[in-house]
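One chain comes next, on its own, written out as C-alpha cells in the form predicted on its own.
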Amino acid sequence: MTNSRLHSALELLGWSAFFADQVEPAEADLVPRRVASVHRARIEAMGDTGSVRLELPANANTADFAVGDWVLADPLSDMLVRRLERKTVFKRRPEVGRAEQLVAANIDTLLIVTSCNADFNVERLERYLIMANQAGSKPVIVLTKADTADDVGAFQAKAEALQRDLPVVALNGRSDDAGSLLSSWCGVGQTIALVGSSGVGKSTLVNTLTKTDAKQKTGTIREHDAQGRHTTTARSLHAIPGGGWVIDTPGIRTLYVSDITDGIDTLFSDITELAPHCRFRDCTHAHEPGCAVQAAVKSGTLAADRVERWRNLVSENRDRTPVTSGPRGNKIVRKKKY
C-alpha cells in the first residue's frame, strides 16, 4: 500500500493514519475496503477501484459491521479478513433485547436533524447529543424547513442552549444553499451521518448534498404532529461532490439512553462543573444542604427543568445499562424491566 495513487484514492474515502497504523506487516498483501451498505446476508464496500461485494467468512455476522467501517480483504477473492478498530461509532440499544445495534462508524460529524415545526423536541435532541458525545463524533444540529417557520431564531436559540459551543444550522433542505451551509463538515475524506426522526427531511438533505440521479426516497408528514413516514430503510454511504461522504439512516422513533460513560456529562457540562462545589461528594442535587447546583437554580443561572432532565437521563442510563460479571463479562447479574 505504498503506491501514491492508492493512497490518494483511499484518503478520498476517509482512510487515515489511524487505520493505516493498524495494518500488520503480515497483512501487507490485503487491501482496505470501506463498508458502504450492510444487508442481512451481504456487505457492499468501496475501495480504490470502486464498489465490490465482499465475500464473507462462514462464521461472519453482518450485524457486527456498520456502514463506515474499514475492513481488510483479499484482493483476489474480495474475502473479508478482519475489521479495523473504529475511530468513532454510533450505536443504540433497542427497546427489545439486550444487544446494541450499530448505526454507523468512523463518523467525523453527526448531523442531528430536526425541523422547525412540531417535531422540534428538546428531550429528543438531548438524547441524540448524548449519543453523539459518546460516539466521539462532533455534533451539529440542523434545523430543516426553516423556510416555513415564522420564527426560526426561536428554534435556533433553544437548540444552541442545549450544549456549550454547539453549532446549529437552519436551512431549507431543498435549497442549493444547504450544501454551502454544511460545507465546513463535508471536506475531502470527511464523513457525516444524518440522524433524526422520520419526516424531518434527512433524505431530502442527502439528495441535495449528493447531487446525484440515484435519489433517496422522500415522504410526507402528518400535519397535526409533524410525524413522518419511514422513507429510508437501510443505512448507506453516499459521495458528496467535493470529497465528503454522507450516511443516511432510518428514522429512529424512540432513542433510549444506556451504556453511557461521559456523554451525559458533556451535554450537561454546566451541572458537571458545579458538582465538585457541593458540600457532599455523593450529592444528588435534589435536596441536600450546600448543593451548588440547587444554589444555581435558586439564583436563576441554571434552569430547574434542565436539572430535572439531567436527573431523569442519569437514572435511565443506570437502569437500562446491563450489568455483567463472570470471567468474560458475559453473565447478566441484574436485569431491569423496561
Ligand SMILES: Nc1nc2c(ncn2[C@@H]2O[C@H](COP(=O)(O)OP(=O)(O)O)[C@@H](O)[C@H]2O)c(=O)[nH]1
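Quick caveat, the model's predicted, so the values are computed rather than measured. A residue's number is simply how far along the shown sequence it sits, counting from 1.
Not on display, but discussed next: the form predicted together with this ligand.
*Residues in which of 75-83, 172-180, 100-108, 155-163 have heavy atoms within 4.5 Å of this ligand in the model of the complex?*
Of the options, only 172-180 has residues within 4.5 Å of the partner.
*Name the residue from 184, 121, 261, 148 that puts a heavy atom within 4.5 Å of this ligand in the model of the complex.*
So the residue touching this ligand in the model of the complex, by this definition, is 148.
*this ligand: the contacting residue among 141, 267, 132, 200 in the model of the complex [heavy atom, 4.5 Å]*: Flagged contact: 200.
*Is there any non-hydrogen atom of residue 137 lying within 4.5 Å of this ligand in the model of the complex?*
It does not: once this ligand is placed as it appears in the model of the complex, residue 137 has no heavy atom within 4.5 Å of it.
*Answer for residue 204 alone: is it within 4.5 Å of this ligand in the model of the complex, judged on heavy atom distances?*
Yes.
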